[in-house]
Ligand code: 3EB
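The chain below stands alone and is given in C-alpha cells; this is the form predicted alone.
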C-alpha cells in the first residue's frame, strides 16, 4: 500500500487488447484498466459490455501507479483495486436476479460504492461510468434512466455527498445486454468540478427531465501527481441550455457536441496554470457512443473534418454502440486528458 502522506503518480494510456495482455504477461498486471470490448475474466480490467465499432477492435484505458503495492478486494457488491492513494472499482448487478426496481438497485450499488471509498480511505470520486441495459425503456411508469437517477441521487444524499455543486464527472449510457455496470475512479484529493457555460448544469435540470436530476458535473480536474493535472470530461452531447438540439440529424448533433467539448475545455483551462500546452480537443482520448451503428462513419467524418485525420483524438478514439440517456440524442462523447500544470487556488 502507498504510505500515508506520500504522493502517488497516476498515469493513463490507451492500449489495444494485445498490448494490455502483453503488459500483464511480462510481469504483474497494471494497477487497473477500463476495457472496451475486452474479456470479462480479467479481474484487473473491468469491461464495458458494448459492441466496439472501431476498426482497431478491443481497447482499454490502462492506469499505472509507480512503486506501490496494489491490493484488491470487495466491499458488498463492489470490486476494487487500490494502491492506497487511488482506487478503481467496479459493480455489476444482474437485474434478472433482483426483486427490486432499478431505483432501489441503483441506490444499493451506490451505497456500496461509497462504503468502498470510506473503507479504502480514498474518499473523493474523480470519475464514474454508468452502463444501463435498456436505458430509454419504460421501467413501470417511469423511464429507466429516470429511475436510475432517483436511486443514485438518494444514495448521494444518504452518504452526505455533494449531489449538486461538487458532484463528480460521470456518464450514463445504454447497453444492449448484460448487467447494470458501474465503474469508478477515486483518490485522496478532491477534484475541481467544471461546468459548461453553454449548458444548464445537469443537476439543475427542470423537473420535466424526471423527479430527480442527474447527479454529475460536466467535467472535473484532478491533481494526479508528478506535476500533472487530469481532465475528466463527462458524457457530452447535443444539448444547449437544457434542451436537445438538431433532432434526427446525427451530423449536426456531432458538430454541436464538439462545440460543447470545446466550451468545457476552455472552462477547464481557465482553472489550470499550465507548464506547457493547455488541454485541447485534438489531444483528448475519447470514447464516442453512437446510437445507430450505421451512423459511425458519419460521426467519424465530422470529427475528422473538424480536427484533421492526423489528430491524436482521431487515432485513439474508441467507438461503441450505445443508447444515449435521452432517446432523441444520437451521439455522445466522453473523454480524458493529462497535461503538465497545477490547479489554481
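Numbering follows the first chain given and starts at 1. Quick caveat, the model's predicted, so the values are computed rather than measured.
Quick note: we don't show the form predicted together with the ligand, though the next part is all about it.
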Could you tell me if residue 89 has a non-hydrogen atom within 4.5 Å of the ligand in the predicted bound form?
no
Does residue 149 make contact with the ligand in the predicted bound form, using a 4.5 Å heavy atom cut-off?
yes
Is residue 218 close enough to touch the ligand in the predicted bound form, meaning at least one heavy atom pair within 4.5 Å?
yes
Residue-level contact is defined here as any heavy atom of the residue lying within 4.5 Å of the ligand in the predicted bound form; does residue 205 satisfy this criterion?
yes
Within 4.5 Å, heavy atoms only, one stretch in 112-120, 69-77, 164-172, 189-197 touches the ligand in the predicted bound form. Which?
164-172
I need to confirm a contact call. Of 145, 184, 156, 131, which residue comes within 4.5 Å of the ligand in the predicted bound form, counting heavy atoms only?
145
Here the chain is shown alone; which of 265, 103, 239, 230 has a heavy atom within 4.5 Å of the ligand in the predicted bound form?
239
Judged by heavy atoms and a 4.5 Å cut-off, are 32, 35 and 61 together in contact with the ligand in the predicted bound form?
no
